[in-house]
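First comes one chain, alone, set out as structure tokens in the form predicted alone.
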């Protein structure tokens, strides 16, 4: 998708454009009851249509050209983008569930995230780590984004309110306010933040683009960047970049308030609480009291055997942190 089209999609989420969206959807005869599991997520279908769930319990599917028809005449200003970015999406509490039994280190989640946020190859909002709990247990791969904690230590230490938690559960960074002190980096126990030591990567059009806190583009040297839960995608009813790009169904994403999460690969929607209960879901380092909004399902009954550099196990060269205290 081009950057212009992406900006057009972001510009759709105003009260007037929402009404236009529903009117077009109904005119096309594409409305359908979504039931109690309907959430504000969607996905790109092979037919080049975008399926979107609306807040009033209907499902509509629009072609790319119809989405473009709904754009505003003028793009949002910096103040409007920042205000919208800080408020979040009313009534939502976003959660992510990562199924470790399905991860084979394809790293397409990383590539999609890097492309969307104009990150350099060495910069990651999400990374996939080689893990092994002990010498006697099997290794596995573990994707790790920002945890978007309900009790985030990072937001408490920022002296200029550059990093904040929204009412929908997402923790964001405002690079227009960030002074690069890096106190939040030290406060994060999950090492989820990256500092722009040099000039960030830019693509054509970035210099003219209005900064969007929900996409964190364009970025600035001397500021912090991190996983955003793809807040810009949620704004227009789409699943996060990582969830949509993963070919193996590792990621589930949805709204805790509606107790529903959707798989980024199968597009299946199920109850969030049942997924955790039936699969022994857990969070990372719960003893810290950070209350992460990212949950994991254990690497049991794996779809793929572990393989790294042609090996089916890890040694000290592969993961030295596992062999030294």
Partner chain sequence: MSKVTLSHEEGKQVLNKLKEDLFRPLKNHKGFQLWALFLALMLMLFAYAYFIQLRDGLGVTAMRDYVSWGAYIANFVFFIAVALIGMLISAVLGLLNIEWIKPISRIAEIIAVSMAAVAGLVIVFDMGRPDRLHHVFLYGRFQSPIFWDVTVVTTYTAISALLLLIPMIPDAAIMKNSLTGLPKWQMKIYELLSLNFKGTKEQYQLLHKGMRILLITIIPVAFAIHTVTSWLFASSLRYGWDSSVFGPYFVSGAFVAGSAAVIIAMYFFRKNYGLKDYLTDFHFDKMNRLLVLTSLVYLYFNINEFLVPGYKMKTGDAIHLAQLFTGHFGIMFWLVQIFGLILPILLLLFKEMRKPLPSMLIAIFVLLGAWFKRYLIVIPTQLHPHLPIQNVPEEFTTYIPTGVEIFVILGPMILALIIGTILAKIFPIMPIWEVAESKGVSIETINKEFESEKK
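Positions refer to the first chain, counted from 1. These figures come from a predicted structure and were not determined experimentally.
This protein has a second form, the form predicted in complex with its partner chain, left out of what is shown; the following refers to that one.
- Residue heavy atoms within 4.5 Å of its partner chain in the predicted bound form occur in exactly one stretch of 243 to 251, 104 to 112, 89 to 97, 229 to 237, and that stretch is 104 to 112.
- Looking at residue 279, you'd find every heavy atom of it more than 4.5 angstroms from its partner chain in the predicted bound form.
- Its partner chain is not drawn, but in the predicted bound form it has no heavy atom within 4.5 Å of residue 83.
- Not displayed here, its partner chain is approached by residue 161 to within 4.5 Å at the level of heavy atoms in the predicted bound form.
- With a 4.5 Å cutoff on heavy atoms, residue 185 counts as touching its partner chain in the predicted bound form.
- Residues of 200 to 232 that come within 4.5 Å of its partner chain in the predicted bound form, judged by any heavy atom, are 220, 221, 222, 223 in sequence order.
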